[in-house]
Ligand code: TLP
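Just one chain follows, in the form predicted alone, and it is written as structure tokens.
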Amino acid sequence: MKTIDLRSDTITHPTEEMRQAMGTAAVGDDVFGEDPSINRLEGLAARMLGKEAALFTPSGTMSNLVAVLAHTRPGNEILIGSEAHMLWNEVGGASALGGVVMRTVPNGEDGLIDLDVMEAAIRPHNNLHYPPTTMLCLENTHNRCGGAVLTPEYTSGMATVAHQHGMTVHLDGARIFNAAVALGVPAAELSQDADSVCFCVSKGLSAPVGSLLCGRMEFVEKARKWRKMLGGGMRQAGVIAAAGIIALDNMVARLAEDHTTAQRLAHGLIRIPAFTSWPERVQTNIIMFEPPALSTAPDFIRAMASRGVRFSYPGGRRVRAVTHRMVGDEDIDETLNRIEAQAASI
């Protein structure tokens, strides 16, 4: 029985073209700035996101943490969505290592933070009792809100208000190219008003490792030093950067296929009795759904694992599925067949 893994797009394997590029990559010592493959990847990332410079890091978690460290100082407060990946899934690094207060503002089901609520949460810098609010963090696409997309207009409006209050804006764009493909706009339009943005090449783009943090030259050089302190100074890392170059050159447009298979799964789920799915909310490659009331989400996930389909658990009644290059239409149809078989057994 074939295993169909829908836990995350992080399980994608590098393409054959990536493997060949990795095997022949030109390399040097990146800590000395001498790895030509990393330099090429960083330049490509900066151009695609419309920024002056970029920094290659091992993970999106490190990119986000380095961004906080470079934009803030201990005792500052950052505003972050209540469902943000940085809050839920990054081990509290911003607080533990950056010494910042993470103050949450509510995310809607569409991933949006209300602008007026965000502005009301900003604390005045001249009040003795408050930590100064110096940074706003947004997320596009929004992981825990079902891969929801932020439009350029929304991000611009949020950034304008934040900048008026002297704050910097960081965009966790781990899947920003999914958003760009869904909206039919260049990724640079989605990040143009953010002071920094990061994205992963190791998710739907299928590279094995890595994230790029982009921003102004001065910011990136500051971030580079923080990366070194965190142990992220890599040497002949052009071997993995070569796969990232292929990812950006050749793998962005095909993300639309993942969005189509996500819709196929979401629409299939609503035809199975007692399952709850929201196809209208599925904008990219993440689907949230609920199993029948007689089954808890963790129990359903365990039962489906025994049937060879793997999902992840975001909490509550929800089950998460993520489509990617390694699952096609036939896999989605087989997934639905196995779900129906499980539903009949409940």
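Values in this document were obtained by computation on a predicted structure and should not be read as measured data. Numbering starts at 1 and follows the sequence shown.
The discussion below concerns the form predicted in complex with the ligand, not included here.
Asks: I need the one stretch from 223 to 231, 153 to 161, 139 to 147, 258 to 266 whose residues put non-hydrogen atoms within 4.5 angstroms of the ligand in the predicted complex.
Replies: This holds for exactly one stretch, 139 to 147.
Asks: Every residue in R19, D30 and Q236 with a non-hydrogen atom within 4.5 Å of the ligand in the predicted complex?
Replies: Checked in the predicted complex: no contact with the ligand for any of the three.
Asks: So, in the predicted complex, is R318 in contact with the ligand at a 4.5 angstroms heavy atom limit?
Replies: No, R318 is distant from the partner.
Asks: Taking the ligand as it sits in the predicted complex, is S277 near enough to touch it, meaning that at least one heavy atom pair lies within 4.5 angstroms?
Replies: Result no; S277 lies far from the ligand in the predicted complex.
Asks: Classify N337 as contacting or not contacting the ligand in the predicted complex by the rule of any non-hydrogen atom within 4.5 angstroms, answering yes or no.
Replies: Answer no; every heavy atom of N337 is more than 4.5 Å from the ligand in the predicted complex.
Asks: Can you tell me if E90 lies within 4.5 angstroms of the ligand in the predicted complex, counting non-hydrogen atoms only?
Replies: Residue-level check for E90: yes, a contact with the ligand.
Asks: What residues, if any, in 169 to 192 have a non-hydrogen atom within 4.5 angstroms of the ligand in the predicted complex?
Replies: Residues within 4.5 Å: D172, A174, R175.
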